[in-house]
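Structure 1 and structure 2, given next as structure tokens, are two forms of the same protein chain, each shown alone.
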Structure 1
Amino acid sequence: MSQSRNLALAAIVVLVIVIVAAVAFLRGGGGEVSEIKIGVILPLSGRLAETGADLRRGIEFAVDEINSQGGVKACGGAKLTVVYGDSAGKPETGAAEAERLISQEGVIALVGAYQSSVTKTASEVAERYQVPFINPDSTSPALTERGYKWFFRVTPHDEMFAAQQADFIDWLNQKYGLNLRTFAIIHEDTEWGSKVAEAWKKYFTQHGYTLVEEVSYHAATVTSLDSEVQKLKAANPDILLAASYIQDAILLVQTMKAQNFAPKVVLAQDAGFINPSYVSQVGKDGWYIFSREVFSPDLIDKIPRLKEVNDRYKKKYGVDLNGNSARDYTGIWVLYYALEDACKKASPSNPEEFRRALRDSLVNLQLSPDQIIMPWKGVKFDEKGQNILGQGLIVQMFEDGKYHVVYPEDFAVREPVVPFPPWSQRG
């Protein structure tokens, strides 16, 4: 082979290497990564530690599944690594943890933070740093009314739920002739509970129901609900609407029983009422209480993939998925799908560029029902960052100690027990 031919071949090899490198760079492969670090903020200590543990199981299960299936393939199989921040249930601590995860840990995105009041402050930090914030589980309507560009809420919010709950009460009246006319509200007084109460008043009033009492309390310090339940009982509502976290939900049910307060319908706004610890602690006193939900094992026969996922989850943790763990599991998968798209446009080795690509991917993301385990029509964010394809369920606890779906009818597996039986007629 002549020297000139060798030089020509060498030049071709060099050119090919340069082209491959350039293509890889333009596709975002300019810096290979073995992991993509995400920050998760949850109440891992304090009064909501049990709920935080429940949410964490959903996060960990999703991450384990994604990593075992090859990681983020468009980023060369990079594995997801979670760095946790403990809010302790406090907004100021949640904000400090968001600051730490972004500035010290260098996370690509944040996920969290359950309580709307904590999500509010933590996402303020993310917005300032221009870091995508995925919120799987906070339902204050105000969170997506702030004009933020980096905040994406996967779950439906409380205005959507309140509208559905008013429809549910209409349905009870029409189908069972309950003649429900008046309602009372009890709620914890932070961002979440206060906004839930506003949404209930808006939609129940629109449907023609009359508010006869509203009481609030501070969940972080409350040790007695005696005076609050006395006020509610004196008002004699047909319907009691309750927005409580776990310890106060248990306290409310115990106090209602102690004071023999039994309105025709008790309808809770998820949160503490669907926590496994609540269910085990209230026992049969929780029977016949309704709750808003976003998930139920009853959906196993109605949603593709759910039975398989729930079986694996139960084998690992010994409990079924619930509204908390299922939503946070779903939140991580939503982030995963967006990461797959973002990795085609940028590399996590350039965090600022990659975060912008990830935000754009979330803006344009559209998931079909068969890509998630929730009873939703899919996932698609509007201009405010709200998933507009979500919807809720109404469940009721039955004598087997489990919640079952009673509404809407296309997901229902049981007829509701109405009205709420007097305490004296229970075993």
Structure 2
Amino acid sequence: MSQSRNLALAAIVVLVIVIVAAVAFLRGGGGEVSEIKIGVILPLSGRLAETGADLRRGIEFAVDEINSQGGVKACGGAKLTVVYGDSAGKPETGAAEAERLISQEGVIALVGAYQSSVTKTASEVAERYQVPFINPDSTSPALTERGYKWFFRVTPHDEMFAAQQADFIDWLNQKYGLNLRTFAIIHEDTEWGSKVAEAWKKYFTQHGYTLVEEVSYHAATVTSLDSEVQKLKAANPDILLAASYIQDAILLVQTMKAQNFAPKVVLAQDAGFINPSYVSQVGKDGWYIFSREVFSPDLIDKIPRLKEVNDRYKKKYGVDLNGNSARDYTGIWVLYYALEDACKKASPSNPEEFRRALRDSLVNLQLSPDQIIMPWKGVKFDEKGQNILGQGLIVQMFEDGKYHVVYPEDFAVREPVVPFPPWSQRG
């Protein structure tokens, strides 16, 4: 009786082992670990749900590509498995999801979380648990000023964009002899606009330009920008820098036209100026205004690897890659390259040891431009965890009502129209 029971038990144990091994073999190609679990925190519900869905497609697509080409080879072909956490766009929910993904799901690394405020709290949790946190898409400079050891930001941040904009003006001066010397700033007065203005003042002054006027306005109550534009016009700057949301951007352009204010260069900081509503409504008044961007459909013809990836992406989802999906896609690939390296030093079966190895691999990671689809010089993290090889793009709106890349030269598809033509000399 007891002997047959033991026998049955042994048979069951053997059966279980065989099944597990078979599953492991089928899924992982026979390695000792069949999957590597990563946690992804995104705003999948709430006001940013539409953006969240876009970001998720980028993640999903990268994971599918990596798994279908044989997973993480140094870990015996282990597949990447993603466990999603929904921040709903809220910092406190993002932190709670990070906690859950780490302590209950036991993920090896975290990726996320789009909004700077959510990234901030979620990465705090990761730092405490000593889990690598890859941030593909948040641009608040403060995130990499915290002295964190487990935080890695792949995208450039707002200060780097400001520095690049000053480089762009230098380039215009050299190449087109515009003799631009003075600049003025108009910005909305919440934290974003004020921080952008600070960064502009810092880098433009460093580059030898003189600030002649700065005006701010409250975007939530602005009904007219007449006096603001009058002040700017009176200061007569060569360059106008603008940080605005959608409606105030339209109002600004309209008022500049009304008052016939046409500085030689008008350069905007993304946000309202690249919003589809702005682009469709501003019409020809928006022509020849420059803006900072992170991505452009023009790049598809400029970066061979991007074209190839975008073709497959479009076939699967029916839409082109955009700045959001492309950046999160890139984030997963960065993680993949680091995993390949970490697997040589440690095994995911020991999560703590493996996370330390992964961190070291991220610290030493160096990717070349042809390994990524973004218009960057590659990926390399400094001691603060910031990718120092990233950069933005400068785009200009042309007569087709679309923005096209004019800088940096490697990615430019058009020559910029400078100086900004007087309002009376347009079609």
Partner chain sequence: MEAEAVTSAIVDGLLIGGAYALVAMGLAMIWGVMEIINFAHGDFMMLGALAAYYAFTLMGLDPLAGGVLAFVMVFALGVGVQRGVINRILDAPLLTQIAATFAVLLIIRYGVQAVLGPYTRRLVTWYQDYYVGLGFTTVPLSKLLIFLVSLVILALLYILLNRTDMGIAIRATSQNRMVAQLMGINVSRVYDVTFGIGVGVAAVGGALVALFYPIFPEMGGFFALIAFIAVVLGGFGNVYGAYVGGLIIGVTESVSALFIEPALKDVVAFLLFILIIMIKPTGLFGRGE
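Just so we're on the same page, residue numbers count up from 1 along structure 1's sequence. Worth saying up front: this structure is predicted, and the values here are computed from it rather than measured. By rigid core we mean the largest C-alpha set that fits within 1.5 Å across both forms.
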Problem - Which of the two shown structures is the form predicted in complex with the partner chain - result: 2
Practice task
Could you check whether S325 and E409 sit in one rigid part, given that the chain shifts as two rigid parts between the two structures?
Solution key: no
Handout entry: Rotation (degrees) of the smaller of two rigid parts between the two structures, from C-alpha fits
Key = 28
Problem - Rigid core fit between the two structures: Cα deviation of K201 in angstrom - result: 5.5
Handout entry: Angstrom shift of the Cα atom of V282 between the two structures (superposition on rigid core)
Key = 9.9
